[in-house]
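Just one chain is shown here, as structure tokens, and it is the form predicted on its own.
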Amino acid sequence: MKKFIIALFCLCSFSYATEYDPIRGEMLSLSCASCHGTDGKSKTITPYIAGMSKTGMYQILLDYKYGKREGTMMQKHVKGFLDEELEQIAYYFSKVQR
């Protein structure tokens, strides 16, 4: 039981260990530009995502990736990313001014 708790603690520590890399975040976010506009400032019917909270956006991206949220284009798009990459994207858009 003690080993299980230690292993669980280590896994939780790694999941929060992602550091924001602004260059990587911006590069990864370019994949969103065709639908959400440059810097997430959509001028079409797609959601305006600039300035969204990092936590909220990350959860939305994970929900699309793991099928908890439906959206044909988004599900296809996010499946190609690692969870850590989605977190970098969420960090990036949270830093963009609305």
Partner chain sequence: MINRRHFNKILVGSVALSFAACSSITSVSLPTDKKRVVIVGGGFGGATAAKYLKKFSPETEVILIEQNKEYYTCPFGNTVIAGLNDIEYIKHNYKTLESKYKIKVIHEKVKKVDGETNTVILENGEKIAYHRAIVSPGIDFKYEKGYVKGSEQYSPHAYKAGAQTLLLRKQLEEMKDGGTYVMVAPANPFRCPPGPYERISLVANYLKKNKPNSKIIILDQKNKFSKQGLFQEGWEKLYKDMIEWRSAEFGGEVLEVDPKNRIIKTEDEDVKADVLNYIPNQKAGKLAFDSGLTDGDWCPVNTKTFESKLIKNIHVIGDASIASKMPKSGFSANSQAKIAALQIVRLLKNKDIVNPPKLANTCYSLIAPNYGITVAAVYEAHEDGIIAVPGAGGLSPMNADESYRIQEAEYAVAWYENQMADIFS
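Numbering follows the first chain given and starts at 1. Please read all numbers here as calculations on a predicted model, not as lab measurements.
What comes next is about the form predicted together with the partner chain, which is not displayed.
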Quiz prompt | All of Met52, Thr55 and Gln59 with a heavy atom within 4.5 Å of the partner chain in the predicted bound form | solution = no
Practice problem: Please check if Lys43 has a heavy atom lying within 4.5 Å of any heavy atom of the partner chain in the predicted bound form. | Solution: yes
Quiz item: Within a 4.5 Å heavy atom cut-off, is Tyr20 in contact with the partner chain in the predicted bound form?
Solution: no
Quiz item: in the predicted bound form, does Tyr92 have a heavy atom within 4.5 Å of the partner chain?
Solution: yes
Quiz item: Can you tell me which residues in 30 to 46 come within 4.5 angstroms of the partner chain in the predicted bound form, by heavy atoms?
Solution: Leu30, Ser31, Ala33, Ser34, Cys35, His36, Gly37, Thr38, Asp39, Ser42, Lys43, Thr44, Ile45, Thr46
